[in-house]
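Just one chain is shown here, as C-alpha cells, and it is the form predicted alone.
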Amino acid sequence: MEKEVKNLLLDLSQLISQKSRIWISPYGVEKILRAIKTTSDQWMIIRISEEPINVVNKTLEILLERKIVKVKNEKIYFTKRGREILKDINLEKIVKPECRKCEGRGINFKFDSKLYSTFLEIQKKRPKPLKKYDQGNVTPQTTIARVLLAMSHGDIENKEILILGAEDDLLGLALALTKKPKKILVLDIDKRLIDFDNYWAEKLKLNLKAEVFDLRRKLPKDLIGKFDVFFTDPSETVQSIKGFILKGIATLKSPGCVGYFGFTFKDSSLKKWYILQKILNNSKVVITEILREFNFYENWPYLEETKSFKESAAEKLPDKTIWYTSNWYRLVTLPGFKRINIDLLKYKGKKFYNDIENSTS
C-alpha cells in the first residue's frame, strides 16, 4: 500500500508539473491534499498549501478530472473515492500554531496607538490598486508591523530610507509618521501615489519626499550608495528582482546596511526562490530573517481579471478572509557587496510584472 501511495503522489506531481509547466514534488502534492482536507475554500487552499496559485489550480483541475474532488456550492470537497485515497495516504489536517493577537508575526502593538490611528485614517483615502502596475496593498496592520519590526532592529531612527515602488502600501508615510527617520525618499511609477504622499507630507510636516520613477530605468547616480535602508515589495519576476531588490542594494551606503522586501509562494515556485537566493548570494548580502506570512494583502479590485480567478476550480471570488500572504525578508550587506544598477528597458520581450508563475498581475 505504501508503494501505491508513493506512486500516486509521484504520478500526480509529474502530471501537474507537465500541465502547469511549474515543477512540484510529491511532497508538494501531499501539502495540497492536506490543505483540501483542512478547508473547502479554494483561496485558503492556496494560502495554506504554500504552493504557486497556478500549480494549485492545475492540481484541482486534475483532481476533478479523476473524480478525487468535487465542487459543491462553490466549495472544494473530496469525493468518496478521494476520501478512500486520503485514508491510504493517512494525511492529517494542516494546523498552524500561530498567535491570533499578532496574526503570527510576533509583532504586537496597540491598535489605539497614535501612530496606528493616524495611519488608519490616512490610508482610507489612498488610491485604488491598478492592474497595469501589479498593485495590491497590504492591510494597515501589516504596514505598521513592518515599521515596528524595522524599529526593533534600529533600522529607522536617524536613518536615510528609500522606498522603491510598492508605495500602494503607504509604507513611506507610515515610517514618516514615526518622526524618527533622518530622510525618506519614495520612488514609484504611479503619480497618484506620489501626489498622495507629498500632499500628506506637506500637510503633516513629515520628513518625506516622493518622486515619480520607473524602476525599469537605471537609478540616477546621485542615489547610488546614499541610503542606510531600503524597502520594496516587488512583482515576482526575475526582471523585478533586478529592478527592485538589486537596485535597492545599489543605493546602500556601506557594509552593514539593510534591505527589506516581500516574496511569496503564491507567485513563485521553489525554483524561483532558488534563483532569488543565487542573486542575493552573488550580490554578497546575507539574509538575516525570512518571516513567514508576515504580509497580509487586502483583496484587490481587479482579481476577477486575473489568471488566478479565471483558472480557479470553484470560480468564486474570495470573501473578506485574508488568503494572499507573503514572507518578509531582511538582508544586510557584507564587505564587498555589489551595486548593480542596470537599464531593464533595453531587454525587450522580458516581462517585468508577469511570467509563467505569476497569476495575480
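Being a predicted model, the structure only gives us computed values, none of them experimental. Note that residue numbering follows the sequence shown and begins at 1.
What comes next is about the form predicted in complex with a small molecule, which does not appear here.
Interface residue remark: Phe263 is counted as part of the site for the small molecule in the model of the complex, having a heavy atom within 4.5 Å. Contact annotation for Thr360: at least one heavy atom lies within 4.5 Å of the small molecule in the model of the complex. Gly165 falls outside the set of residues with a heavy atom inside 4.5 Å of the small molecule in the model of the complex.
Among heavy atoms of Tyr324, some come within 4.5 Å of the small molecule in the model of the complex. Only one segment in the set 283-291, 205-213, 128-136, 76-84 has residues whose heavy atoms sit within 4.5 Å of the small molecule in the model of the complex; it is 128-136.
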